[in-house]
Ligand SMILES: Nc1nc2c(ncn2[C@@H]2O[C@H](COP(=O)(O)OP(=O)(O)O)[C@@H](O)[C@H]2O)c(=O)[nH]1
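The chain that follows stands alone, in the form predicted on its own, written as C-alpha cells.
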Amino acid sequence: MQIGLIGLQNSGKTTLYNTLSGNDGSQNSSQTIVRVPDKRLDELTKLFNPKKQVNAILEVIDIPGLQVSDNGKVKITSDFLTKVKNNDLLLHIVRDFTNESVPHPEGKVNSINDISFIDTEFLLTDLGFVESRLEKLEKELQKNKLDKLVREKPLFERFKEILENEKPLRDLVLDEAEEKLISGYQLLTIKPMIIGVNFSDDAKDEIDSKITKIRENFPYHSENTIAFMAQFEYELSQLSDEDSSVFMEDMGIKESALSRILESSYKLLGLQSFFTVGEDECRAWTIKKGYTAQQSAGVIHSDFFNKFIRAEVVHYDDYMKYGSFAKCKEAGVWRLEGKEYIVKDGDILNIRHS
C-alpha cells in the first residue's frame, strides 16, 4: 500500500519525508519503506525475546511540491495530478507556522486556504472527469447496452451530484461490486486523506483551538486531521530511544505524532495486523479487514493457503492477560478455527497445514 505526501512548497513535507525515511537531507530520494509502529508487537517481543522483530510496513512517496506561477499563485500541474493518482492514500501536509526565512509560496500563512485550495482542485478534476465519462456512457449505451455500462451510469450520476454539492466522494459507501466497477478510474476525492497540520515548536498553546477551527471548516476531514511539529519529529528521530523518551517528557508529549499519522494511515487503508510469535521472530502481518484464516495464512506463505488445516488462535489482549498459551488454553480463550474464521486485528495465529 502506497501513501503519497502532498503539500505546498515550504509546508514541512520534505522534513516529514526525511524523518520517515531516515534521510538527513543529503540523499535525493522520493520513495521509502516505513515501519508501522505497534505497541502490541513491542510487548510481544519483550516476552518472547526473539532474534528479530518485524513490523508491518507502508510505502511512502514524496510527491514534488506544487509550483508557483508567474503571478505568484500556486498552480496544479498535470504531472502532479498523475503522480497523486497512483497512491492509495494521501497525506496532505499543511503549514501553520510563520518563519520569515522560509516564506509561504503565496506570501501569507493560512492553513484553511491551503486545505481549501487542494480540496477544490481535486474536486474540480473529479467533476470534469465524471462529466466526460457520463457523456461517453450516453454514446456507448446507444450502441450497446452492456451490463457494465448500464451499472456504471447511475453510479457516475451519483458522483456528479455529490461533487456538484462540493463534497468529496470518499464518504460515499460503495458495495464490493461498485468498488470493482470504478477501480481503474483513480478518482482523487475518493482516496482516503489525512490532513497533517504542521506547527512550530512554540505553538503548543494554540494547537487545540486551531485544529478545532480547521475541523469546523472541513467536517469531512474532521476525524483525520492530525497536528504535528515536523521539525520536532525530525529532531526526535535523530535521538536514541532513551534520549527521545526524555525529550518527549520534557515537551509534555506522550506519543509521537508520527506514530499517530502512520497508525491512522494503516486503518484508513482498511488494513489490520495479526501476529506470529516465537524464538526466531515476532512479526506483524498486514491483511485487509475481513480476511479469513485461510487468506491470512496465504499472506505468510502460499503453501499455508493451499494446505491449510486449522489455525490456532488467541487474541493479543487475552495472551497479555494470562501470560502464556498454556494458561490461555486453561481459560478457554485459546481455540482452533477453520478456514472461514474472520481474523481480528490483534489475533495471534499459528497455522496448522499438511
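Source: prediction; values computed, not measured. C-alpha atoms forming the largest set that superposes within 1.5 Å between two forms make up the rigid core. From 1 onward, residues are counted along the sequence shown.
The same protein also exists as the form predicted together with the named molecule; that form is not shown, yet it is the one meant from here on.
Site annotation in the predicted bound form: the residue of Phe199, Phe122, Tyr266, Phe274 reaching within 4.5 Å of the named molecule with a heavy atom is Phe199. The single contact residue among Ser245, Thr98, Thr82, Ser132, judged by any heavy atom lying within 4.5 Å of the named molecule in the predicted bound form, is Thr98. Taking the partner from elsewhere, Ser21 is found to have every heavy atom lying beyond 4.5 Å of the named molecule in the predicted bound form.
Contact annotation for Met193: none of its heavy atoms lies within 4.5 Å of the named molecule in the predicted bound form. In the predicted bound form, Ala230 approaches the named molecule with a heavy atom inside 4.5 Å. Contact annotation: Ile351 falls outside 4.5 Å of the named molecule in the predicted bound form, judged by heavy atom distances.
Segments offered: 147 to 155, 90 to 98, 183 to 191, 219 to 227. Contacting the named molecule in the predicted bound form at heavy atom distances within 4.5 Å is 90 to 98. The Cα position of Glu138 differs by less than 2 Å between the shown form and the other one after fitting on the rigid core. Relative to the superposed core, Glu179 undergoes a Cα shift smaller than 2 Å between the shown form and the other one.
With the core superposed, Ile226 shows a C-alpha displacement below 2 Å between the shown form and the other one.
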